[in-house]
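One chain is shown next in structure tokens, namely the form predicted on its own.
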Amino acid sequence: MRRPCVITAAIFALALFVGACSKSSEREPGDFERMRIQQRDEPYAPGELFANNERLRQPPAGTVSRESESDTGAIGSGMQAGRMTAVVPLSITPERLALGQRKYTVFCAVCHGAGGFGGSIVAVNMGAPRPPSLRSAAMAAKAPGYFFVIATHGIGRMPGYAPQLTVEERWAVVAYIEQLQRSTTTPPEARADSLRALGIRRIDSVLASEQRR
């Protein structure tokens, strides 16, 4: 007569075990997964908020992203007729040059130096190949589009800065680099940059000569 009771107790214990293991939809204190079960809008799902019964809003007709890869014009790509654009395709104003200087100081000077000579602390400790001097004859001969493309996609150890700098900011940096290349003044930070760059070139020259022996 005790066997049915044993079976009933086992079934009851099993039910409790299964219930404890199953994931409850109730919000419990300290349960950080509760956001999964709260009310939310699913992308592309129908909705009642807008007149077209969609959750997402349609952009106005003709809208394109300012960072769109499909923008093949000189402003968005740095290229024109298959070549690097020969001029900065934006008006060069004092405000834009000031913007370029600020962004250059944050993103470029750390490697290319405050004055563009390539004598940064990073360059001193990096080893060859080092960040080039933007003041060299070879760099001065480059078209503005070249610097824009490099700033966008990167080259060698240098990463692209499209995620950090907008198209306008990248062109502002290019305009500021052109100003640096034409500059005949050397403020203290640029002078220190120049002297370190000179020391780097001497070291690299000695190392290169030793390797040729």
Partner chain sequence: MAAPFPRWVNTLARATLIAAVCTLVGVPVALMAWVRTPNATRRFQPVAQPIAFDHRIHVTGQHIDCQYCHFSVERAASAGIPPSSTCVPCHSTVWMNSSALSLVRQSVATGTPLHWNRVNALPGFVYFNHAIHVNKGIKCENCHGRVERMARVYQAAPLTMSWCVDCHRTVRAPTNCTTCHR
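Quick caveat, the model's predicted, so the values are computed rather than measured. Rigid core here is just the name for the largest C-alpha set that superposes within 1.5 Å across the two forms. Positions refer to the first chain, counted from 1.
Below, we refer to the form predicted in complex with the partner chain, which is not included among the displayed structures.
By the criterion of a heavy atom within 4.5 Å, Ala98 is excluded from the residues contacting the partner chain in the model of the complex. Although the partner is absent here, Pro188 is not a contact residue: none of its heavy atoms lies within 4.5 angstroms of the partner chain in the model of the complex. Of the heavy atoms in Arg40, some are within 4.5 Å of the partner chain in the model of the complex. In the model of the complex, none of the heavy atoms of Glu168 sits within 4.5 Å of a heavy atom of the partner chain. For the candidate spot formed by Glu48, Met79 and Ala143, no residue has a non-hydrogen atom within 4.5 angstroms of the partner chain in the model of the complex. Along 84-118, these residues reach a heavy atom to within 4.5 Å of the partner chain in the model of the complex: Arg102, Lys103, Val106, Phe107, Val110. When the rigid core is held fixed, the Cα atom of Leu56 travels 2 angstroms or more between this form and the one not shown.
Positional change of Gly156 between this form and the one not shown stays under 2 Å at the C-alpha, relative to the superposed core.
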